[in-house]
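One chain follows as structure tokens, the form predicted alone.
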């Protein structure tokens, strides 16, 4: 732990007194630096004056001091959100560099550059400027690939971070709005990524824009107007690239900065969630202070994320637009694949039967595009946004939750999360059904039919299997608390009884296994209990809540109670001689905390 010197005395106006010029404050002795030392002193004075000005007018010292003492729990899964934040910073830095050389125009031009196969061909200004950036600007290709890899890592980190929040129940009160912000950020990351890789105006991005235009046209009645407005007329139009450029580099980044700032503000306001453990409750935070521990960790971790992203960009080629060529609406490209975060949408469209069409009021309604590409993502997004309130309605919980759940202790929620991941992965695989068919020499029709069956049957199976695994892990935890850990040592008593000696687990580990709340299925009151004669009755809302509550908590394993633990210790079953007459430890949380941690209340 570092030792900080006492601050110098200050006068009424905030100027330092009692420290002569030419004195080195670090040692307290005369400076040997001559004029340079005096310059350093003047710099320190100027910095002190700025700090005093800010403190007197905005209370900056109180803000900085309070934030520096902010306590953050320590767990590796919290780094997932940091990866998303640092990737966004890398995106901003590299994006500024790319805007200096990119020309957002589809006006035709003749490419004259270092890439010989396309030299002399007529292409768009957007495509030509991206080629010049890749081959003629020093470091341009590296920065461009850093930007693209950071976008992929950014979207992946947000998605994995959201699943961590979901599986641990970090979305519960008072963090429902922060969950909504996270869902919106995930959706905007998809749109921002799509806008970004559409800007080079190459054959692959043009194919993606053609699909986007078809999705817009599938919306009944207003789809043709939306497509005409966005593309400036019939596809592909000449106005879409400039508009997309404005959205990509100005509008969406500003929204991202606003939402990320709101997200971080709510994290500080509500305090960070923490995993269960001794001394950790809903009314405190056990961890390390922001300064100097987490400030040093955050700075180092940022450079790790940036360095690994740069390494990937230097080693692995991504989006080689020179191999695709400029966009031409006439050819139909086989084997084209979008970035992974758009693959599920493509896969859903490929699985939809082609005969889902009908005509109404003179308009053709293409359900084979509308349902998988518009309705399905919309429904999934709405369910994701409303889920915190749905679970709160089911559990009838109105209190604040600051201690996280272990996923095994919420088997139904964990099963739903795995079911969603399974559904998403099947759609992602479906987006590459043509690649699978060509590489494995299989029938694409057979693959499509198989995936149609799996996308319906496999997610419920994944839910049931995950739920049973969680219940099994809970039973294992219960057995550990009651009987201890197996040692593999077999003992035979004088009476001839043979048993395996179990070693009691540490009280800290025991607390972690028994601290969670036991939920009971909710039963609506009977008409007699509600006083139906007085005009009260069981409502449809009560019946719905009861059914959903039974779905969540009908299958459960209750944590060990202090009475059960005392009975197990008294019996000494399977725990070795004399263990039954031991200390009789309770399931109350140990009062000791890990060394080096701080508790904020």
Partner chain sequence: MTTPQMNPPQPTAEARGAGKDTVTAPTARRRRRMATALLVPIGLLTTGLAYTLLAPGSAGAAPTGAEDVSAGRELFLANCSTCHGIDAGGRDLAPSLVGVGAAAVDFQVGTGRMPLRASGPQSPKGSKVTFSQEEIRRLAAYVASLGPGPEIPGASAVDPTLGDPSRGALIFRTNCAMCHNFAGKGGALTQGKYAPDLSDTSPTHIYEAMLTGPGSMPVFADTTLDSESKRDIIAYLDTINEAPSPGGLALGSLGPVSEGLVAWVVGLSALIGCAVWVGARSS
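Residue numbers count along the first chain shown, from 1. Worth saying up front: this structure is predicted, and the values here are computed from it rather than measured.
The discussion below concerns the form predicted together with its partner chain, not included here.
Taking the partner from elsewhere, residue 280 is found to have a heavy atom lying within 4.5 Å of its partner chain in the predicted complex.
At least one heavy atom of residue 435 is located within 4.5 Å of its partner chain in the predicted complex. At a distance threshold of 4.5 angstroms between non-hydrogen atoms, residue 452 is out of contact with its partner chain in the predicted complex. Put simply, residue 125 is far from its partner chain in the predicted complex: not one heavy atom of it is within 4.5 Å. The three residues 145, 288 and 312 all sit with a heavy atom within 4.5 Å of its partner chain in the predicted complex. Proximity to its partner chain in the predicted complex, taken as heavy atoms within 4.5 Å, picks out 313-321 from the listed stretches 168-176, 227-235, 313-321, 453-461. Checking 418, 186, 480, 80 against its partner chain in the predicted complex, a heavy atom within 4.5 Å turns up for just one residue: 80. Distance criterion of 4.5 Å from any heavy atom to its partner chain in the predicted complex singles out 153 from the list 244, 153, 345, 91.
In sequence order, 297, 301, 304, 305, 308 are the residues of 290-309 having a heavy atom within 4.5 Å of its partner chain in the predicted complex; the partner itself is omitted from this view.
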